[in-house]
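Have a look below at one chain only, the form predicted alone, in structure tokens format.
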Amino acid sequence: MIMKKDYIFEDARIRVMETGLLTKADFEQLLAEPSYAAALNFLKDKGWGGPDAPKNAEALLQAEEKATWDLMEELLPQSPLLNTLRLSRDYQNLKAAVKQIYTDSALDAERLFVEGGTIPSAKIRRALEEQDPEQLPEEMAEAAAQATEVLARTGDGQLCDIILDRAALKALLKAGKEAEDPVLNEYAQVTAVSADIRCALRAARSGRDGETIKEMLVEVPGLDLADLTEAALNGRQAVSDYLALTPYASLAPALSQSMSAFECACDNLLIERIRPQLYESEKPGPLVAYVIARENEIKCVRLLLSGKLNGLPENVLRESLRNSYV
């Protein structure tokens, strides 16, 4: 009989790491810093970037992201547990490869591709270049074939993106449902709800018909795609009114306010759903939740620093302020 793994040591280590997460008070202090340079120094004083913290904000944030995943590699070497969180990078690289190979993109490949997915970006590029789909998972190969066919036939880069984004969400939802820990399913569902709503509204604004919009979306528990599509055709307020009748009603007021407020509300909903992991032990949930919390934290800091750099007023920056996990 295979013994089920406990996570006593790993969870204990994560409890220590959680003490370094930014609190609500830290975010308020960061928001109140008078300049970009002052905000950057505040983060360095909190230990961001380590003793040799980069002077550049993006390098600092990348260092923090790398440190998070390095920790996971240390605690869960070669474990598939966190692959659900890596899937978006695979599909980002697939999208980049399609555009690099099948369009006249002049962008440097280093700016198009990211590492840290479940499949090396070079393998994805090679599979497309060699037209050898067997190098990729079946669902990814099918999405690539469909996207490249549409791109060759219509030249519609937006439709190509939609095909690959939908495939990414379907893969995420499947992985979340099959994952060892239910936290990953929560992550997948909230991510897919946010993406469905943004996609439906964007497609409606671009003049796509209802049947086309519905085909762009993915099935998520709690959302009726026909109702969402009909609402999208009537504008953002209609979608907000529809959301108020679903298990995602807490997102409706933010959607009425603005799309940036809605995206913030989606991140906050996810944090709310994973926060009980702060009190769990001997399970993988706290490790998964820590990675989600760190990525949410880094996203929020990136938005605040960008706003500081561009001189945005505090009331505008506050819309980017996410809830803290701790």
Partner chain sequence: MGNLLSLALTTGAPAAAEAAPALLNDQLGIVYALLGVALATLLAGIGSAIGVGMGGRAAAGVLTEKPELFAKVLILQLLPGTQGIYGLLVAFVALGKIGVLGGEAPDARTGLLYLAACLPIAFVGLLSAIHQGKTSVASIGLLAKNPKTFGKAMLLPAMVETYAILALLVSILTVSNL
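Here the structure is a predicted model, which means the values were calculated and not measured. Residue numbers count along the first chain shown, from 1.
Only in words, not in the display: the form predicted together with its partner chain, which the text now covers.
> Looking at M259, L278, I298, A67, which has any heavy atom no more than 4.5 Å from its partner chain in the model of the complex?
Checking each option against its partner chain in the model of the complex, the one that comes within 4.5 Å is L278.
> Of the residues D26, E282, E33, E272, which one places a heavy atom within 4.5 Å of its partner chain in the model of the complex?
By the 4.5 Å criterion, the partner-contacting residue is E282.
> Using the partner position in the model of the complex, report whether T19 sits within 4.5 Å of its partner chain, counting heavy atoms only.
Yes, T19 sits close enough to its partner chain in the model of the complex that at least one of its heavy atoms falls within 4.5 Å.
> Does its partner chain get within 4.5 angstroms of any non-hydrogen atom of V316 in the model of the complex?
Although its partner chain is absent here, V316 would stay clear of it in the model of the complex, with no heavy atoms inside 4.5 Å.
> Evaluate R13 for contact with its partner chain in the model of the complex, applying a 4.5 angstroms cut-off between non-hydrogen atoms, and reply yes or no.
Judged by the heavy-atom cut-off of 4.5 Å, R13 is in contact with its partner chain in the model of the complex.
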